[in-house]
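In structure tokens, the next block holds one chain alone, the form predicted on its own.
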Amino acid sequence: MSPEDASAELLEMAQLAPVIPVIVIHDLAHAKPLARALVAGGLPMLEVTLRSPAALPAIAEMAQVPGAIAGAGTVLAPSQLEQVAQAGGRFAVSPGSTPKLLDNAACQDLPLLPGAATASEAMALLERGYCLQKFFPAEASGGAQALGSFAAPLPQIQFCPTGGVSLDNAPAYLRLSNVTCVGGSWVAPKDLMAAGEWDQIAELAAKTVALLAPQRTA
């Protein structure tokens, strides 16, 4: 898939909700009920980080939930792109980018959201055709103030900031003209997942959407 097509497809997904839940799954039994809860709360795009052995099987389980758009985060290697696609993932997210990863992504049907933290990195990805990028690590890289300064010289790029983003600081990002959505882990708390409190997670997702959707400017 060309970077232009990947960005267009991901942008369509990202516009569905103000937040992409960033999820770590250790217990495969949590995958489907968590997906159902987040979708019910208005958050359909689900980023399962490849940080546990259960991640790929969890993506396969979540992909079967109606309305869920399951994908993978922390994608670092070309082989992982193939694994995510085979698991039924609809997208992949990387904290950065390498020539090998980008070259392989162009040969896959799986859209990639590559990461950038500096203007030079963002420009390099733009040269390849990526008009939607992950800004990571967002808070450590200067937060909303830094990302907002990218808007004037790089108006062609939309971002999904992730890394230190919370319900408290998300509005500052979403009010930026170059931000489509944010990525955050607060909508899938570990304690609620461990307790099986899926209704509470659905309520938390719904409250998050209600609070943040009006903040979006892009």
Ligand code: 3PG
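It should be emphasised that the depicted structure is a prediction, and the values quoted were computed from it without experimental measurement. Numbers for residues come from their place in the sequence shown, where the first is 1.
The same protein also has a form predicted in complex with the named molecule, omitted here; what follows describes it.
- Note that among 61 to 69, 35 to 43, 171 to 179, 158 to 166, the stretch whose heavy atoms approach the named molecule to within 4.5 Å in the predicted complex is 158 to 166.
- Within 4.5 Å of some heavy atom of the named molecule in the predicted complex lies at least one heavy atom of S185.
- In the predicted complex, the named molecule lies farther than 4.5 Å from every heavy atom of H26.
- For the chain shown alone, Y130 is not a contact residue for the named molecule in the predicted complex, no non-hydrogen atom being within 4.5 angstroms.
- Among heavy atoms of F136, some come within 4.5 Å of the named molecule in the predicted complex.
- Shown here without the named molecule, the chain has only V22 in 10 to 44 lying with a heavy atom within 4.5 Å of that partner in the predicted complex.
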